[in-house]
Every structure is written in C-alpha cells, then in structure tokens.
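One chain is shown next in structure tokens, namely the form predicted on its own.
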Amino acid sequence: MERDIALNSPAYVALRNAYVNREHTLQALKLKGKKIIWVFGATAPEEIIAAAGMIPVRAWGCAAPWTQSDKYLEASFGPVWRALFDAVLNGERRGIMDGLVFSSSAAMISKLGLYIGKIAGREPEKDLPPVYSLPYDCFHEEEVMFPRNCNETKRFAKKMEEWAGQPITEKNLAAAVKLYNGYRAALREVIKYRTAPDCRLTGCEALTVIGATLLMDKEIATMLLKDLAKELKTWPVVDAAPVFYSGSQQENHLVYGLIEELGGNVVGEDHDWGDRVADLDIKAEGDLYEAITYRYTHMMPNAEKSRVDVRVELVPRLIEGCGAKGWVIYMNYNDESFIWDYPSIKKALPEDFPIYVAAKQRVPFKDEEKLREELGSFIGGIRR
C-alpha cells in the first residue's frame, strides 16, 4: 500500500505518475521524436538500444480478455505471457511501439518472440513492429558460451543500428553504459531503504519506483531516484512482517497489495520487475560489447534461467540480506518453474523458516477467500 508520506513526496509522485499512466509516459517520449523499443524480459542490453538513440522500455501486459491469445496460443501459456501477447497483437498500443525485442530471460518470452515474429511475416495486414529475439545462453559455463553470447550482442547492435537508421559509435555506447550504471546505482540507493528491520519503503512503493524507471528516460529517472533517496532517510519505519517474494513477475500491485493488506511487506524479490533490475553494473573498460554481455548473462539468476544448485546458494543469501522473516512463492497457472528449485532451497533454509506456496493462481485471484485466509494466517504467524 502507498502511504501518505509517499503520496506527498514530489519525487515519488513523479515516478508514480509514470508507473500508473504508462501509455501517456511513452506518448510523451514519442512527441519528443524518440523511437520506443519494447523489451520483453530482463536480459536484453538496453544500453545498446539507448546508444542507437532509441528509448528501451519494459513491455507490460494488458488486461483480460485476451482474445488474441485465445486465437493463437496453446493452453501452456499462463496469464503473464497471454497478457504480453495480447498487448502486442490487439493493436491498441501500436502507436507507441517502434520495435519489439525479446530476451531469453524466460522460455515463454522466447516463444512469444518466435510466435509474434511468424505472425508479423505471415499477416502483414496486422502492421506489427519489427521483431528481434536475442538468444543468449545463460545456463552454461562462461568459457563455453561466452564468445557465442558476445557475437549475439554484436548482431543485436547491428540490428539496432538498422532500426535507428544511424550507427552506434564508441562514444555513444560508452555514454549509455555510464548512464545505466549511474541509474542502477541510484536505484540501489533507494532499494536499500526497503531492507528490514529499518525498512522505510513498502513493497508496493518499491514496485512502483522500480517499474516507473523501466518506462522512463534514464536521465530523468536517475535524478528522481536521487531525490527520493534523500527523502527516504526521514520516512517512518514500515510496521509489517518482512517477506521475500519469488514467483510470477508482478507488473502491478495486485499480489503485493494483498500481502500488505494482511500485515506483511515484500522487502525483496527475484523477478524481472524487482531487485534484479539494479543488479550488476557494466565494467566500463576494455571491450564494451564483452562487458555488456557479461552483465546480462551473469545478473541475478531467476528460476527460469538458472541451475538449481545456483539458486540453492543464491536465494537463502537474498532472504538473509533483505531481512525477510518468511518466504512467499506465488505462481500463476502454467508459470510454475519455481517448483523446480523450491524443495532444494527449502533444505538450505533453517528447518522452521516460514514458507507459503500458492500455485496455479489466476488473474484475478483464484479462490480469493481461501488465499486470504491462508496468506493471512502465514503472515500472522510471522508477526507473532
């Protein structure tokens, strides 16, 4: 939930406006003559898009009904992916889409890129934007796949030059890397204020701030983040049970808001609209294409694109680092990759560490009364 102190903060309100009024935010960029490139997932180098003079923004889904998904997609696509698919195919946002880039941060995102690319080729009357899929291999050891991934980065840069109609100069690429490193540093400075027990930013507020910056010009976003960080020192501590969140990515306040309504607070997460955004800067030295590739193939691993043994080492460390006293795993139907690593991670946590798992969820909630009762009992146990 958003508190009065947040809603009275000029920096927070500016970020919130971008988050709530997403289409308007992008339309304002279009009026400045910018090309808007929608990026699906977290592992496509936005610095390269920016160096080409375009604006990368994180793709988000549209509300149901998802008529285009019902027409084209098989049942194995869960609600997050169906919402993203319809956001492209229903045409309502076509005026703020100049290109679509699909990363390899989730298997379903890669499939969406394949399907939408095929539809664009076979049904030109749909007037879809140009499509590019970036096939990074994030599973294997660096010495095996890193050279291949570097080549993919350079191919991606060539395609972005083509879309932009101008070359990516070394100077522009270095400037983009510096800009994004500064943005991530400013975002980390804000995120640190959500860490328990001295937490001064609710999960919903953090989700708003992070999500807003994914849709904005990074220079403006960075300035607002710096202003907000100065204010957060004086904000009151959040009185709620701190929990860590894993599961289906959250593009809005639906799940976090429910957790907060029941007395909890998400102080950290590992999905693509959360803390992962601020992870790992780019070393601005040597071959920049190699440095960029390293960042996007070595950032905080999610359940979709990581080995179980890596997650077993990572997640307990994240939970401890953010001060969480419980772990919430929330999965939409057909978006349940988190079950793969959960049993092994559970063994790595203290035996009595509180964990709540909600599977096969829908949008809106499936059996909301039962979900409220179970989640409320779980949070109440942590508070006691």
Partner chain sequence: MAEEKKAPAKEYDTKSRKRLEIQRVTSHYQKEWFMQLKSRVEAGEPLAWGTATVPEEFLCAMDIPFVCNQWWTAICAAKQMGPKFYDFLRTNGYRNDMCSYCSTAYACALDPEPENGPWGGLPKPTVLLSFDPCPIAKKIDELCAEKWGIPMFSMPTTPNRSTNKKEWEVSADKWEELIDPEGLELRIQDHMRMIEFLEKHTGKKFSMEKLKEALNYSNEQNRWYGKLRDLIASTYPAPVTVPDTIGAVMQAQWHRGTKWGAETAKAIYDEVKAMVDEGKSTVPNEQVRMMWLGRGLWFNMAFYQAFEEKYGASFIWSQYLAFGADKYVRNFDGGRDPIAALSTRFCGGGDTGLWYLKEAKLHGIDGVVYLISNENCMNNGQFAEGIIEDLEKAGYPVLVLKADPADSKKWNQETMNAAVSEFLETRVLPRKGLKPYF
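Residue numbers count along the first chain shown, from 1. Quick caveat: nothing in here was measured; it's all calculated off a predicted structure.
Below, we refer to the form predicted together with the partner chain, which is not included among the displayed structures.
- Of the residues 273, 289, 115, 235, just one reaches the partner chain in the model of the complex with a heavy atom at 4.5 Å or closer; this is 115.
- Just one of 339, 348, 28, 64 comes within 4.5 Å of the partner chain in the model of the complex, counting any heavy atom, and that one is 339.
- Within 4.5 Å of the partner chain in the model of the complex, a heavy atom is found for all three of 111, 304 and 308.
- Only one of 254 to 262, 290 to 298, 308 to 316, 198 to 206 lies within 4.5 Å of the partner chain in the model of the complex by heavy atoms, and it is 308 to 316.
- When contacts are judged by a 4.5 Å heavy atom cut-off, residue 137 counts as touching the partner chain in the model of the complex.
- Mapping the unseen interface onto this chain, residue 74 counts among the residues with a heavy atom inside 4.5 Å of the partner chain in the model of the complex.
- Using a 4.5 angstroms threshold between heavy atoms, residue 171 stays clear of the partner chain in the model of the complex.
- The closest heavy atom approach of residue 24 to the partner chain in the model of the complex falls outside 4.5 Å.
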